[in-house]
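One chain comes next, on its own, written as structure tokens: the form predicted on its own.
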Amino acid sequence: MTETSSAWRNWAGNVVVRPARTVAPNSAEELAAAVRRAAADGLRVKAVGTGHSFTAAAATDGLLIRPERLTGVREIDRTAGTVTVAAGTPLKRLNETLSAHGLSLTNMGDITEQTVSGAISTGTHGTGRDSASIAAQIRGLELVTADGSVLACSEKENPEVFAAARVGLGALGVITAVTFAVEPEFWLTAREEPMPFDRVTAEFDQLAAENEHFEFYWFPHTGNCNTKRNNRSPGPAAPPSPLSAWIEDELLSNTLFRALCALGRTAPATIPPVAKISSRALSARTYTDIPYKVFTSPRRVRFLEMEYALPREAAVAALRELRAMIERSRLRISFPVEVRTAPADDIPLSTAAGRDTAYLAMHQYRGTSHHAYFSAAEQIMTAHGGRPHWGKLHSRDAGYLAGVYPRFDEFRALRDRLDPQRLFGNDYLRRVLGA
């Protein structure tokens, strides 16, 4: 196990911490020993992933646990339909390994840089009519608790811990391994198509019901959206040509988009006219490939993000209110608003807990002031009973969150039992969970 003391910053650069010490354990046993030592020295403990959270959920001035040595697939059980993977494994590596064995997760988010533990702890999700977030696909967890013990949990073993720790915010312990349900690899056909704002909002319920995975992006200051429908296919593979993929995913969506965002940051008045042009730049296309190559895409333009989970039936009204707010304000928004869905699940602090959900995600280019936009958007989202994404910027506290999560007190009671001294606490958890 290596030990250092140096600053750490997240992907967006808005969170910087200087822990007293940093460790990169090779095993659950080494991690447990580091936790016991930190507790004896009076240090708080937090684990980080690759830093794709925009909040200070993993911030600490005590012991910071790095994930880079706690990686790799431990076991693939074809009979049970599961894979067990070390918690620091990046989703990209997990997806590549599963594909090499002819297997796949059922659903996933749109980036692969996150570690598996970071992704599940903050409630990372994709979009799906029937298939839910990454955390909902978990079948078992290994967790180092505040007393330094290694706890295995599943529906049959420590089920109350398993129920909550799937989206645990790092408040219940440090995850060292995750067991996911997997299935034989399948083909997905993606259909990407521009669509007017009025049409996509009028047909939203139908589009979400008719497609296994539906999402769309609305470009502020325009009436234009880009839609994406992913559905299972008998194949064969028909991926985008290398040139088409480079033009759409690298040149337009990253290189050119970054340049336009930088222009907008320098000259905000250019954003509305540029948005009208750039929102028409992406053309319709259809392609078929293995799941992770369809679900995910490169994200090289850095930004800050706020996302709210709303009752599915409130999504269109909230989006229309957001559009009206932007139109009557002096705000200039260069990033599209992303809309996705998820079915209800049974995880206490999942943003889809107990209700069919729609997600509205607002972004601002890094270095551009986001406060006025996010504050105004948050007022709209909370008026609809929205739940903020745990890893994205928001201002909500435990008082508000207790009112939108029916099992909030159940989670806090479990935290009191597992970590009464708040070894895994920090300022963010104090705000969102209370003392």
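Here the structure is a predicted model, which is why all the values come from computation and not from measurement. The first residue of the shown sequence is 1; numbering continues from there.
One more form of this protein exists, namely the form predicted in complex with a small molecule; it is left out here, but the text below deals with it.
- The candidate spot formed by Pro220, Cys261 and Gln364 is out of contact with the small molecule in the predicted complex: none of the three has a heavy atom within 4.5 Å.
- The stretch from 42-50, 22-30, 402-410, 377-385 that comes within 4.5 Å of the small molecule in the predicted complex, counting heavy atoms only, is 42-50.
- Put simply, Leu63 is far from the small molecule in the predicted complex: not one heavy atom of it is within 4.5 Å.
- In the predicted complex, the small molecule stays beyond 4.5 Å of every heavy atom belonging to Thr341.
- With a 4.5 Å cutoff on heavy atoms, Ala58 counts as touching the small molecule in the predicted complex.
- Of the heavy atoms in Phe303, some are within 4.5 Å of the small molecule in the predicted complex.
- Note on contacts: among Ala309, Leu94, Val167, Ala119, the single residue with a heavy atom within 4.5 Å of the small molecule in the predicted complex is Ala119.
- Proximity to the small molecule in the predicted complex, defined as a heavy atom within 4.5 Å, singles out one entry of Asp110, Glu248, Glu185, Glu192, which is Asp110.
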